[in-house]
Structures are given as structure tokens and as C-alpha cells.
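Only one chain is shown below, in C-alpha cells, and it's the form predicted alone.
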């Protein structure tokens, strides 16, 4: 039985909607620890997720037994009927135009054409570049993957796509004069083995960061001006703002951006996008509901312009779906997720931002933090920071954190540089999703800064 006949058969039994997402994954994962291969894993798997909407109830069943996909569809229908009997809230899926297409994202060098030996040699070369007397440990993590997807729904959509991705992380630990510090950096994107070249560009970055940390002082605390580098700007717009713009959090009342469309939520100089068509690690041609990917301008000149939406949250909000549904793999249903979340560049230079700071902090890269999209609060840790005095960077700092209210902080952005950079990562929201984030360097006039 074809996928189309299967989903049509479920609708004939009373379902309002049905779709199936069939996937095949090919993954290679390598870990080099202090120059020695610690992990070398290669695997392939395939499976499918069937979703059924009956009344107001959803049924979702994932399976790796493709020969029993019809059984999975029947189980999903039975689950949806059961859920409908308990659910009082009405739901639905917003309308999209059915599409039939095949789209394969390009890879100049396909992963299967490169041997494990060559990949290990590349990692060892990176390790050699990281060797210093004061570097005591260096881990290199490499992962490439190709996912082939086929999405069919009861409305006539039939999408086939192939997405290759590569990522490399470096984690270095140093020791000097009794101080032990750690720095990390990653690179990659959507494409083929040619993306490994980006790792070479990150070597000096991570070494300079570790070198500064080993000689860093503790940070001051209080209400201070703060400059975020490109990476921290990206982390801020992704974590503090982007999650609050996800449609499922908005409709459930767990977002500080609920009912704020058209309102000013940032300074007039701030524009934030989430764009799966941007060449980043979070790129894709269609989302996991078969909706065409398109740029989403979340904040336009300080005004909240859009949310990130799947078809269900778009239906609840009376808005148009914009390709925001993503699933970690065939085992789970798609939920609202970001892709490549970016702040638009401004027209200033870093030197101009520094000139406006009498005493403050220049923070670079991220080492974690936490956010509350519902309360609109955040707390981030910088990997390394620098004290700024009378417009000059004077000394490195460690253990720097900063916190505040997201919308209040966005309104206090007084300077934005004219160049932008992006980074790669994996976002967790019950499921993992590859993403990119980034932007220019940004001056916040005042934020709460704390050190150890």
C-alpha cells in the first residue's frame, strides 16, 4: 500500500487529518581525546511517524518496523479517538497549499565518499594545531549525518528531501600557575564534508580564549553596561527571545510575548529573524509537516512582527503557518522549533561601542545559562569577558554572568555593529534540533552583572 492510500484510508474512517513522515538516517560520530580515537560510531536506521487528528484528539505513533506501518496508522487513529473523548479544547491545523516536490540540499563532498581514516586524520591535524605547553587536554568531536525524508498527508502534500549536516566541536582544558580553565568552540553547517574547513578557522579563537582565561581576574558585579560579542548575541536572541516566540508556548500562555503582536518589544534599532533558508546548521527546505521553509521576521525595527508557527499553533492564533515544525527523528512528533536565529547588523564599529562605556564588561561566547520564556527572564554565563574602562579593554575576566528581563534588555540596546557572525549548536526542548544563531556585537546600556 502506498503512503497516500494509507493516509486516505485513515481519513475515510473519520479522521480530520493524517500525515506520515518517513525517514532514513546515516550518521557518523567520532571523538578524539588527547590525540587518541575514543569513539568511532557509524550507523543507519529508518522509520516513520504517523499522526492522526480525530475530532480534537491527536494520535502519534513512531515505528522502525516499516513493514507494519499500516498497524501504526491504525494505532494512531485509535489513540486519537481516545484522546478526543478526554479533550475539551478545540484544535485543528491551519491550511497550507498542497505541494509535490523533491529537494536535495547540496553537498560538494558527500560523506560516504570520505573514509574514516581521512576523517580521523583531519581530527588529528586539528589536535596538533591545538597543542601548547599550557593545554593539558583537547577533545575533538566530529559528527556528520544525512537524513532522507518523505512526507505525505491527507491533503495532497508529497515532499521528499535530503539534508546533509556536519559539525565539529573543540573542547580544550589548560593549566597554568595553579589555574585550570576550559574553553570550547564549534563549527559546521548544512552541506557536505567541505564544511570541515571551518574548524581550522576556530583553532586560534579557542586558544586565545583559553589563554586569556588562564590569566583572568574575577569579575565585578552590579548594574553595568555590557557588550555582547557575536556568539553571545546569538545565544541571547535564541534562548531569551526565540523560545518566547515559539507558537506552542504562546498558545499555552507560557510566553512573555503572548498577545503582543504589533507592539514594541525592543529598541527601534533591533531586528530579529528566524530563517531556515539562511545557510546555517539549522537550515531545511521544508519543515516536518511539509510546509515550505521561509524567513520569519520576528522583530522588525523593535516591533513584534511574527511568531514561529507549526500548523496547530497557527490555527489557534488565526495566523498563517510559516514552517516552524521540527522533529528530532521519526520516533517523535514535530513541535515548534527555531532554525537559524539571527539579529540583523547595525551601522557601528566595535570601537564606537567601547567609546560609550566608561566602566563595563565586554563578554565573549557562552558557557550556559537559563531562561524563563513565560516570565521573560534570563541568566547567561560568558566563557570569557574583559573589563572595559574609559573606552578601553583593560584585562580579562572569568566567571562572568549577567541576567535581567528579556524585553527590558532588548529595549536597552543602544549600539549594534555592522558585521555579523554565526555559530552552531543543538537546542534542547524535550527533543534535540540542530540550529545556528548569531548576529553583530551589541551594547546594552545597563544589565545586572555578577561574578563568582
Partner chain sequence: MILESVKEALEKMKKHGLQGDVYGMESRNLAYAINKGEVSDISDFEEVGLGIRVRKDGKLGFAYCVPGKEERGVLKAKELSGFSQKLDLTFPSTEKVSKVKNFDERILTVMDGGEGMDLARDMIEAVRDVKDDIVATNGALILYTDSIAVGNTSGTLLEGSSTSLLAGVTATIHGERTSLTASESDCSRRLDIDFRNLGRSSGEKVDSMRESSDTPTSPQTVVMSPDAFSGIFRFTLVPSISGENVRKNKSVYNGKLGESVADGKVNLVDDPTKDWGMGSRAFDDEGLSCTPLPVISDGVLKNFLYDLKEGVKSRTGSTGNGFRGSFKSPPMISDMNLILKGGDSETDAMFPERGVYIDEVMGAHTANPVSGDFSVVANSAWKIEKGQRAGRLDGMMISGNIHECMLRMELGDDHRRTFFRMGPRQIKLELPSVRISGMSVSGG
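Residue numbers count along the first chain shown, from 1. Model, not experiment: these values are computed from the prediction.
Below: the form predicted in complex with its partner chain, not depicted.
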**Asked** Any idea which of 272 to 280, 175 to 183, 148 to 156, 349 to 357 reaches within 4.5 Å of its partner chain in the predicted complex, heavy atoms considered?
**Response** 175 to 183
**Prompt:** Just one of 318, 368, 106, 262 has a heavy atom within 4.5 angstroms of its partner chain in the predicted complex, so which one?
**Reply:** 368
**Message:** Within 4.5 Å, heavy atoms only: does residue 223 come near its partner chain in the predicted complex?
**Reply:** yes
**Asked** Is there a heavy atom of residue 330 lying 4.5 Å or less from a heavy atom of its partner chain in the predicted complex?
**Response** yes
**Message:** I'd like to check something about residue 403: if you look in the predicted complex, is any of its heavy atoms closer than or equal to 4.5 Å to a heavy atom of its partner chain?
**Reply:** yes
**Request:** May I ask you to check whether residue 387 falls inside a 4.5 Å heavy atom distance of its partner chain in the predicted complex?
**Result:** no
**Request:** Between 121 to 159 and its partner chain in the predicted complex, list the residues on our side with a heavy atom within 4.5 Å.
**Result:** 137, 139
